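Shown next as C-alpha cells: one chain only, the form predicted alone.
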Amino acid sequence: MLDVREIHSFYGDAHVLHGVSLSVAKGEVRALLGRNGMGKTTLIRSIMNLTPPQVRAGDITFKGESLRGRPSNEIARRGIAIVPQGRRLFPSLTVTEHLTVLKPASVTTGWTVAKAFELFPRLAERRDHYGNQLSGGERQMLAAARALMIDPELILMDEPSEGLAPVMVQHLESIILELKAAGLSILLVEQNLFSALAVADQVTVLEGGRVVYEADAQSVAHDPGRLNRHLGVC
C-alpha cells in the first residue's frame, strides 16, 4: 500500500534521511523505532510532504501512485491521515468542532462523529469541552478521532503514547488493534518499545537516518542483543 523507496530528506544543508526504504501493507501495523534524533518524525513529514524537510531524491508511492511533490492536502485526500506528535489541537475548538471541521455532522457515510464517539466514549462525555480542557489521554484520543474523519486507509501516528499514563497507553494499544482489525494500515512511530511490540506486525529501526534493522515484531522481541545495540533498552 505505502512504499518508501530510497528517500533522501534535508533540513537546509543537513542531510537527515539517507536512502530510507520501507513499506506498509494493507491492514498492517509497522512500528518505526529508534532513539531521539534518528529521523523518525522526518520520515513522517516527508511522506506527508510537510516542509521542512525537503525530499531531494527517492520516491514515495501510495497504492501505486507517486506522492512526491504533491501538496499535503492532496495526499490527505488520497487516504493518508496523520496523528502528529504533540496532538496539535485547537484550544478554542470543542471536541465536536474538532471532528466536524473535517466532516459535517450531517454526513452519515464512513467515519462519522457518532462512530468516533462509539470508538472513544470518553470523547462523547467531553463533546462540549475545549481542546485546552482535556487531559493528555483525552487529547490523544481526539487527535486520533480527528484523523479518522477523513476516512483514511493509512494512518501515520507519531509518538501517540508520549506523556500518557500506563493505563492510557494500554487503552491506546487496544484502539490501534481495533483499527487494524477494521482493515486500516498504520505506520507507528514510538519511543515506547514494548507498546509498539504489543501492536506491530513489522518493525523498522532507524539509526542516523538509515534503516539498520527490519524484522517481524516477534523476532524483534526475541532479539535482545539487536535491541540493545540499536535502541539501548536491554
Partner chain sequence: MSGLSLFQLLNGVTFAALLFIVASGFTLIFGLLRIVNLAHGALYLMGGYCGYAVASASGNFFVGALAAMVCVGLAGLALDRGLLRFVGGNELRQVLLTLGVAFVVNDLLLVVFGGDTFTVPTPDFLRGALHVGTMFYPKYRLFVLGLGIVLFCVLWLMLYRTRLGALIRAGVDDPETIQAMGINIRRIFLLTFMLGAALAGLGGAVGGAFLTLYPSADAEILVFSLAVVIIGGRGSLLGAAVGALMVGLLNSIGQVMFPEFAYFVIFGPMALILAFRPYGLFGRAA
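Numbering follows the first chain given and starts at 1. This is a predicted model, so every value here is computed, not measured.
In what follows, reference is made to the form predicted in complex with its partner chain, a form of this protein that is not presented.
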Point to revise | Interface membership of P71, its partner chain in the predicted complex, 4.5 Å heavy atom rule | key: yes
Point to revise | P91 within 4.5 Å of its partner chain in the predicted complex, heavy atoms | key: yes
Check your understanding: Is V113 close enough to touch its partner chain in the predicted complex, meaning at least one heavy atom pair within 4.5 Å?
Key -> no
Practice item. Give a yes/no on whether M48 approaches its partner chain to within 4.5 Å in the predicted complex, heavy atoms considered. Key: yes
Exercise for review: Report whether all of K26, I176 and K180 sit within 4.5 Å of its partner chain in the predicted complex, measuring from non-hydrogen atoms.
Suggested key: no
Study note, to complete from the structure: In contact with its partner chain in the predicted complex (heavy atoms, 4.5 Å), from 50-58, 29-37, 163-171, 196-204, is stretch 50-58
Practice item. At a 4.5 angstroms cut-off on non-hydrogen atoms, which residues of 145-162 are near its partner chain in the predicted complex? List them in order. Key: R146, I150
